[in-house]
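Next up is one chain by itself, shown in structure tokens, the form predicted on its own.
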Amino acid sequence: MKHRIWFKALALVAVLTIVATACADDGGGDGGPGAGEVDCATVEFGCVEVGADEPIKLGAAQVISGADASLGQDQVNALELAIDYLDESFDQTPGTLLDHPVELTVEDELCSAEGGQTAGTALAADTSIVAVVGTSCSSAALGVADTILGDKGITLISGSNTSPALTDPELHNPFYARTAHNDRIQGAIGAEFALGEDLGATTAATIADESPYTQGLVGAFEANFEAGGGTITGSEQVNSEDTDFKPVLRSLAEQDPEVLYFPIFVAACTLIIRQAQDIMPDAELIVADGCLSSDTLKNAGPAADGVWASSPDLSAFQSDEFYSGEFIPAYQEAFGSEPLAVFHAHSFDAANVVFAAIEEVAIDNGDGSLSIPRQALRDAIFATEGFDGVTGTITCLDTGDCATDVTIGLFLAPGWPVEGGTDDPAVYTDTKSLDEVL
């Protein structure tokens, strides 16, 4: 059985050193780590105070309505399982953390900047929220939820944000981290697949929407496709709320590209798949994990058959006894289905990274209450090294990227890794380190 692995002693020493040097000694309680070393009235961003009979409150900013709801609900389900597993048993009974129950507060981020603002504002206003797992979509985080929460000293750790911009040193918010991959990796592997022996393409066209997720993926795909000797015949940008993509498809079809790459979210992705069937019947269609949903397969119908999708390769997790033998059966029993999307394991890991960090820095005040310094919690999360997660070994970089070696698979519809298709193997897989693509 796989258990949560606590931080190395070095990380603990580092965190306590930060707390001790940055904070005044108030001669407080004689409890857990750092007790008596933090004056919560003066330490930067203060502390989350958890009463003796109160829960530790974890926030979640996830898309739980609209066309992309399966992406966020899948992660909320995983967070509930992480709380269940605090006692290292999936028994549909919540465990406890430092003898306190953990309560989940979920806000809908709508997979948009506006939704990220609303969800981030609501969670930041609750001073009892210790950290937030989210967002589902990069557009809800970048310059929105990451800033709103970061300004309050609340760490935002995402299980599915993949836009390279979020961890770009020039744009990175110091309170933002993620267990999801950086799309510089996914875009590079997608381009190599298109150029390789499976497709053997030399020309490709791309479609992005206004979101940082799609723009980051398209940018990575185009750069790697051209670096590999391919030619980008055309690039278009659409609005994710559009419904008629025929003019854009006709324009791109004029150059007769062998591949159409459009890493768009579910609603627009479904429509492009259907409309491209008549306009670009000979092009190989490649989408990405933002489109991976049973709703896409259902609504696109036969037009989806033969569409390629890149995604974290779940088969890499399925070889792990904990994931296949405990996590997936627990998910099915609790929610009555296979996982709805592909980032449940990443969010499960994100929650456990937060729980481990809380164990490291929480101050036992001696009366059953806890004080959790926000800055020390953030530093403990970023000090994560060699954490044994479901998705692999997690080590966080200063920029917030915690998935540094990633396996991406290419799946052929209808065998996408969504509900009912999780047993279909990837046709192509590759593993890259973040260092390779940066």
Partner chain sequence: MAPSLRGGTLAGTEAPHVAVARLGRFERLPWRRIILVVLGIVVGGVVVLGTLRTLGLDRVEGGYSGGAWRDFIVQGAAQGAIFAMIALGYSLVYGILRMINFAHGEVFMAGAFGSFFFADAYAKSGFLNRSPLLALAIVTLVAVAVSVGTAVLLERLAYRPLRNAPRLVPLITAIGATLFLQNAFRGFFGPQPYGYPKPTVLAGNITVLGVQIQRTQLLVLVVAVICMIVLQWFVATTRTGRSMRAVAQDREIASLMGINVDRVIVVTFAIGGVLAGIAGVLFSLSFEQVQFTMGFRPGIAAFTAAVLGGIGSIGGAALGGFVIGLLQAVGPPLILTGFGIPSVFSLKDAFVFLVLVLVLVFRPGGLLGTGEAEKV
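By rigid core we mean the largest C-alpha set that fits within 1.5 Å across both forms. Since the model is a prediction, treat every value here as computed from it, not as a measurement. Residue numbers count along the first chain shown, from 1.
Here the subject shifts to the form predicted in complex with its partner chain, a form of this protein not shown in this document.
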(message) Is it the case that residue 89, even though its partner is missing from this view, gets within 4.5 Å of its partner chain in the model of the complex, heavy atoms only?
(response) no
(message) Contact with its partner chain in the model of the complex for residue 247, defined as at least one heavy atom pair within 4.5 Å: yes or no?
(response) yes
(message) Can you tell me if residue 67 lies within 4.5 angstroms of its partner chain in the model of the complex, counting non-hydrogen atoms only?
(response) yes
(request) Report yes if any heavy atom of residue 93 sits within 4.5 Å of a heavy atom of its partner chain in the model of the complex; otherwise report no. (result) no
(message) Give me the residue from 256, 126, 226, 198 that has a heavy atom within 4.5 Å of its partner chain in the model of the complex.
(response) 256
(request) With its partner chain left out of view, choose which of 106, 232, 283, 279 has a non-hydrogen atom within 4.5 angstroms of it in the model of the complex. (result) 279
(message) Among the candidate stretches 238 to 246, 305 to 313, 129 to 137, 144 to 152, which one is within 4.5 Å of its partner chain in the model of the complex when only heavy atoms are counted?
(response) 238 to 246
(message) Just to make sure I understand: among 296 to 315, which residues lie within 4.5 Å of its partner chain in the model of the complex, judging by heavy atoms?
(response) 299
(request) Return yes or no for residue 235: a CA shift of at least 2 Å between the shown form and the other one, with the rigid core superposed? (result) yes
(message) Would residue 256 count as moving between the shown form and the other one, using a Cα shift of 2 angstroms or more after superposing the core as the test?
(response) yes
(request) Examine residue 182 after superposing the rigid core and state whether its CA is displaced by 2 Å or more between the shown form and the other one. (result) no
